[in-house]
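To begin, one chain is listed below as structure tokens, in the form predicted on its own.
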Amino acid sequence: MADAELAVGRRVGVRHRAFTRERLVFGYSLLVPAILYMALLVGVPFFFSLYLALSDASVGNQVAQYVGLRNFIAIFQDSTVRLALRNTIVFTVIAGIFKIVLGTLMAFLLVQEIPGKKFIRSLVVLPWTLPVAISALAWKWMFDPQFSAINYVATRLHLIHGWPNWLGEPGLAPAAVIAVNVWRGFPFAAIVLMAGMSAVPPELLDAAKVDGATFFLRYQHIVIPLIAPILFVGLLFDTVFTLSDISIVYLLTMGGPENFTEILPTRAFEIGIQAGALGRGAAIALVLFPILVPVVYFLLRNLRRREAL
């Protein structure tokens, strides 16, 4: 009797291990496409950029020599690169704050039951879906020093005096570039927040309203904790997009005037592609990596903590 029970137990253990092994194989096979994607489209360019940054590679040299950290030392001795680094951080922080505020306000509007809600949603998403070249060129026309539509309307409404050159004055160009980035990016924040708010059970909000909780208390203690994972993911994507946004700056100002809108992506393009110094251009591009790593780590760590709760 004991031998039969032992044999049955062994067979059950063998089947369980075989089933577990099959599940593991099936699970890892599903991960293979994602791993190949990360390795080929992310890993290979990253390590190739690292190879270029540690060499004196240029368009005119057929053979690149290893130079260690010389490129990184040289770029940080460049005052333009230091200014571009400062502009990149300021650009990302200010644009992020405005996109969060405007995205939150727009999300509250989009979840309300109002006439024409679907049409309003389609209009809100339009800036984010338009090709960046078309939007940037349209804004460049509106900021034109001679035919500026913004100046025309603002002067007629007595909001401004004179005819400012938005993209040609050092004090106005950064604000203009940030405004265009916010205009393009806040619909993404609004859609992410709207999706999160739509998933909040209305029973919780109704119960809090019956208990006397104000609108801000309901948003702070019910909505935000429930949609926190969505907020973190949206903030992570928006930070990465803003830090690496070269199109708007390049199409509007090309880093000018006097490098007041120069950011790291545009500087890397100028040095690495236009000037042909591939090594130094790659080194400038990789300066973004130590900036992104702590941000990504902080957001993902907080996201995991909230999931554990």
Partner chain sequence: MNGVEALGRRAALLEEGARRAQARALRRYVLVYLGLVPFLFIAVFPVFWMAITAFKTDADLVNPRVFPFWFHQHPTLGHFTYLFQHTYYGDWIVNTMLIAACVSLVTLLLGVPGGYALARLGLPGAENMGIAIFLGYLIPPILLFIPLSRVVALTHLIDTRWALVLVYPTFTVPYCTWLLSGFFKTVPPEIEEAALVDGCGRVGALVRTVLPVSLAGILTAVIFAFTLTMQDFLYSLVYVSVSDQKPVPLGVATDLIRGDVYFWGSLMAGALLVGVPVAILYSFFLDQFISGITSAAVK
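Positions refer to the first chain, counted from 1. It should be emphasised that the depicted structure is a prediction, and the values quoted were computed from it without experimental measurement. Definition used throughout: the rigid core is the maximal C-alpha set that superposes within 1.5 Å between two forms.
There is another form of the same protein, the form predicted together with the partner chain; it is not shown, and what comes next is about it.
J.: Indicate whether the candidate residues L109, W128 and L292 are all in contact with the partner chain in the predicted bound form, with contact defined as any heavy atom within 4.5 Å.
T.: Every listed residue reaches the partner chain in the predicted bound form, so yes.
J.: Any idea which of 68 to 76, 150 to 158, 208 to 216, 85 to 93 reaches within 4.5 Å of the partner chain in the predicted bound form, heavy atoms considered?
T.: After filtering at 4.5 Å, what remains is 150 to 158.
J.: Going by a heavy atom distance of 4.5 Å, is L278 a contact of the partner chain in the predicted bound form?
T.: Although the partner chain is absent here, L278 would touch it in the predicted bound form, with heavy atoms inside 4.5 Å.
J.: Using 4.5 Å between non-hydrogen atoms, is A228 touching the partner chain in the predicted bound form?
T.: Taking the distances in the predicted bound form, the answer for A228 is no, it never comes within 4.5 Å of the partner chain.
J.: Using heavy atoms and a 4.5 Å limit, would one call A133 a contact residue for the partner chain in the predicted bound form?
T.: A133 belongs to the contact set for the partner chain.
J.: If we define contact as a non-hydrogen atom of the residue within 4.5 angstroms of the partner, is V124 a contact of the partner chain in the predicted bound form?
T.: Yes, contact at 4.5 Å.
J.: Going by the partner chain in the predicted bound form, which residues of 136 to 153 come within 4.5 Å of it through any heavy atom?
T.: Contacting residues: L137, A138, W139, K140, W141, M142, D144, F147, A149, Y152, V153.
J.: Spell out whether the Cα of K117 moves at least 2 Å between the shown form and the other one when the two forms are superposed on their rigid core.
T.: No, the C-alpha position differs by under 2 Å between the shown form and the other one.
J.: On a core-based superposition, does K209 travel 2 Å or more at its Cα between the shown form and the other one?
T.: It does shift by 2 Å or more.
J.: If we fit on the core, is the Cα of Y37 displaced 2 Å or more between the shown form and the other one?
T.: Result for Y37: yes, a 2 Å-plus shift.
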